[in-house]
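The form predicted alone is given below as one chain in structure tokens.
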């Protein structure tokens, strides 16, 4: 069924408006990061800086330990992504392939858990980490991020597992492969796009997370990048806008770079030709 010309124009217009809506904060942040203080205080702001400068970036690195905070964020995000994927993959396989009441209950719990607010979880998580001696530590923060990312990771991977033809696993079983061997050698390679997408979700969520890091990390040397960015705001709520924009721009780059590098694997169809018709 072909779409009429006015309908296509409307679709492209809506898509363009959505792209502008998404790109506006980032472009404005980029513009602000290169503006000198005189232009930042102007009553008539412009998109393109008239006198671009790198002083905001230099000042940001001089005022706050951005590199150390970025390292903390990287360790927490990578740890959460890897652990969440390692745990969620076999769990998703069981949930997708075992049509039992327990599997349905787990799926329902995953959906319901996404509605829990951060405030509801922080107190029990804080008490658990306190008993484990993991308060004010990056490993403790990784554990919290894994708990937070695991339900959605399980839900995502379960959908990818259901898309894998069961005939492949049946053929492996005929050849004598057990459940674990089938998961590792047959199913897991075909889940690569799903695993990458899930890991990316867990990484970006942990990299950008602020609330848990603010509550659990007290000493400056343990704080992550989103928490350190708040240090550019003074006690009276006045922001040092230039360095803040420069630091925030740098903080967004890792997520953009990671997504740009692996987006083809996310969208690529790796199941094509897996089963002969």
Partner chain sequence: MRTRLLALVLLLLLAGCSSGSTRDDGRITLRFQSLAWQEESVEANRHLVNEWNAAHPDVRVEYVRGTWDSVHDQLLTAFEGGEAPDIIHDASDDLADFAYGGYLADLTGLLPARLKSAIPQRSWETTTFGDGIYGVPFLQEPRVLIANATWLRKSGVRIPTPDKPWSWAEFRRITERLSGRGTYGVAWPLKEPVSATLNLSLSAGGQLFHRGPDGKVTVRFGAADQTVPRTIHDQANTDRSASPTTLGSGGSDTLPGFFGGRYAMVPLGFSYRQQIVQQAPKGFDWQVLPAPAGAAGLTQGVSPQTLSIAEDCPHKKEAAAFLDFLLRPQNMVRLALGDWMLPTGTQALEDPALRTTRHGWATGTALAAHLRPAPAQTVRGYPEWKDKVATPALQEYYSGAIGLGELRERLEEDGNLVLARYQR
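Numbering follows the first chain given and starts at 1. Here, rigid core means the biggest group of C-alpha atoms that superpose within 1.5 Å across both forms. Note that the structure is predicted; figures quoted are calculated from it, not measured.
Beyond the structure shown, there is the form predicted in complex with the partner chain, which is absent from this document and is the topic of what follows.
Contact with the partner chain in the predicted bound form, judged by any heavy atom within 4.5 Å, is made by just one of 94, 82, 204, 186: 82.
This chain is drawn without the partner chain; in the predicted bound form, the residue among 123, 173, 180, 102 with a heavy atom within 4.5 Å of it is 123. Each of 37, 223 and 232 is positioned with at least one heavy atom within 4.5 Å of the partner chain in the predicted bound form. The stretch from 124-132, 162-170, 194-202, 147-155 that comes within 4.5 Å of the partner chain in the predicted bound form, counting heavy atoms only, is 124-132.
Although the partner is absent from this view, residue 250 stays clear of the partner chain in the predicted bound form, with no non-hydrogen atom inside 4.5 angstroms. Interface residue remark: residue 48 is not counted as part of the site for the partner chain in the predicted bound form, having no heavy atom within 4.5 Å. Heavy atoms of residue 208 never reach within 4.5 Å of the partner chain in the predicted bound form, leaving it off the interface. The partner chain is not drawn, but in the predicted bound form it has a heavy atom within 4.5 Å of residue 59. Contacts of stretch 41-80 with the partner chain in the predicted bound form, defined by any heavy atom lying within 4.5 Å, are made by 41, 42, 43, 59, 63, 64, 75, 78, 79, listed in sequence order. Positional change of residue 52 between this form and the one not shown stays under 2 Å at the C-alpha, relative to the superposed core. Once both forms are fitted on their core, the CA shift for residue 220 between this form and the one not shown remains under 2 Å.
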